[in-house]
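In structure tokens, the next block holds one chain alone, the form predicted on its own.
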């Protein structure tokens, strides 16, 4: 990393990674502009604003944003910054409101962002104020299967092109049923970690038998889960794939096995099995036989900061991240099954989750290891699986030969580097959509 801000942080030949990207303030400032100011970012879910005039307060990077549904049902993502002096016009998490008033001077905006009223417009401004040019700053908004994305960059490609063939895998969770999904939450908390460590970890299953050994033993003893071992991980037929910055791991599922969900145990297995059997015809109609019956999405991330399904890793400085943990449920699932999944999700992830506590401790140490001048000079080693990934006859993206690999991690940092070195979207490559999307599921659900 030189004075000209040209980034070369990952060595493709060795997998060596420059640790400075986890703690350097100048790097973080560039990330806010070149990544979070340019990429499509997950900001919410349509179920969080189900009715006309609903709003939900969220973030795009560090920028506070109001996700609104106007009176006509259209979605908007509006920078929560009055155009007069910059005061926030929304001070709460969510609600239902046709207008937002700045409490500093009373400028009032409609929930589509239009500036509607300025006190003293004729007296103070001599009727010379161009209100049409002073609405709340709006981002581009598009949805995928109910998940709302936004970008500040008017030249960004479509969300469909941005997700690319990653959607082939994502559909197996987010687009499986006609009724769609609903989001509960978020649970929010802060950790002294760099946001990239969370994303990096999303397709790292090498750590599971070590980091999560005690948690896994608890679940084996009390929930009947199979024990974890390194041997199982190394011999696993599961897959590790990468598309357009998005990191995927998935399982080649058994045809008649219920999909793993939080809350599954010996006592609840019958509920999961009955629901799986009842919804399989619907899933097959929507996804085709291969994806409905054989593909089970596991750990994954959506570039830059969407993690493990619908969770957000919101940057709050190079050494702090705000976690937003949602639970996503299939809307038409039985209420008892929803309750079990919700409780199971919080027992695994979230501020008090067994697995989450293991992970956060690791992420703290990884971030801390990059703080001293001497330690920053020692690169991370991401060499696992170098040269052992390529196209697969059945699965889209770049697929590693083995489930346990650091190919996704290397490619994530290469994608990060590509964004950081780009002057515009013209300098950022997108793989064309080539997967076969059997079934009737679309971007809109």
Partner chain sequence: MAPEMSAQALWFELMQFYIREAWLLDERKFTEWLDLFTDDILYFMPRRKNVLRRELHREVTPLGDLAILEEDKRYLAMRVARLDSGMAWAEDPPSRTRHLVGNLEVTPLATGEVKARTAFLVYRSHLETDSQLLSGCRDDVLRNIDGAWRIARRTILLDANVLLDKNLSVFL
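Positions refer to the first chain, counted from 1. Since the structure is predicted, the reported quantities are computational estimates derived from the model, not experimental observations.
We do not show the form predicted together with the partner chain, though everything after this point is about it.
Heavy atoms within 4.5 Å of the partner chain in the predicted complex are found in exactly one of 75-83, 154-162, 273-281, 91-99, that being 91-99. Residue-level contacts in the predicted complex: of 204, 112, 142, 358, one residue has a heavy atom within 4.5 Å of the partner chain, and it is 358.
With the partner omitted here, the residue from 146, 315, 306, 186 that has a non-hydrogen atom within 4.5 angstroms of the partner chain in the predicted complex is 186. Residue 171 falls outside the set of residues with a heavy atom inside 4.5 Å of the partner chain in the predicted complex. Proximity of residue 126 to the partner chain in the predicted complex falls outside the 4.5 Å heavy atom cutoff. Taking the partner from the other structure, the partner chain in the predicted complex has a heavy atom within 4.5 Å of a heavy atom of residue 364. The partner chain in the predicted complex comes within 4.5 Å of a heavy atom belonging to residue 192. Contacts between 110-145 and the partner chain, taken as any heavy atom within 4.5 Å in the predicted complex, involve no residue at all.
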